[in-house]
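Next up: a single chain in structure tokens, the form predicted alone.
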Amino acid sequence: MVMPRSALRPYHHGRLRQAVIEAAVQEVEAAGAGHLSMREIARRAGVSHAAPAYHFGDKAGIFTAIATEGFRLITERIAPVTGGPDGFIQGGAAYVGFAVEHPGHFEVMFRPDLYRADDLDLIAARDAAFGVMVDSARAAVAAGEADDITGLVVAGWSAAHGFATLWLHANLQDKLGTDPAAFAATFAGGLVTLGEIARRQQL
């Protein structure tokens, strides 16, 4: 008799699905998203070679899980710091800090060519993260610090993402060091300076 898939669970591994995600993130950090190996993920997770495919189907399924988890983590990281008067700046610094501390997630999150962009869990997690950015920009506009929500979101996101990418690709360590907190603080200060320059030019 053929057993239904649901009857085959749970695996001997108590938290197999999460273990596979964690192993996949480690593999992305070690080899890059373009060289992700299902066999190596299984080895890292300590499970059978078939287990990753069983839970996620293929690489796109694993990348979708990584991206979904990444958007949830970045929301948890950014949301608590965006409520103050400098919330948009602090949110940008938190974004940079997240990227530096979670490079595997960060590499996958903004690569829709890797994952299933129509996955409902991923869409919800991504929209929640984007909503935090929009809300903090809206608060900055309400406080008179800016007058264009969309422009502020695009500029702030681009600056934070670019700054983090430069660091992750080893372009800034020799100039700014390797401390993530100091790195994020440098970014925040630079963003404030850019805003002041922009305001002066508008006067």
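In this text, residue numbers run from 1 along the sequence as written. Only the largest set of C-alpha atoms that superpose within 1.5 Å between the two forms is called the rigid core. These numbers come from a predicted model, not from an experiment.
Another form exists, predicted together with another copy of the chain; not displayed. Remarks below refer to it.
Relative to another copy of the chain in the predicted bound form, residues 18, 56 and 73 are all farther than 4.5 Å at every heavy atom.
Contact annotation: residue 90 falls within 4.5 Å of another copy of the chain in the predicted bound form, judged by heavy atom distances. When contacts are judged by a 4.5 Å heavy atom cut-off, residue 175 counts as touching another copy of the chain in the predicted bound form.
Contact check for residue 156: a heavy atom falls within 4.5 Å of another copy of the chain in the predicted bound form.
Interface residue remark: residue 194 is counted as part of the site for another copy of the chain in the predicted bound form, having a heavy atom within 4.5 Å.
Shown here without another copy of the chain, the chain has no residue in 36 to 52 lying with a heavy atom within 4.5 Å of that partner in the predicted bound form. Residue 188 shows a C-alpha shift of 2 Å or greater between the shown form and the other one [criterion: core-superposed Cα displacement of 2 Å].
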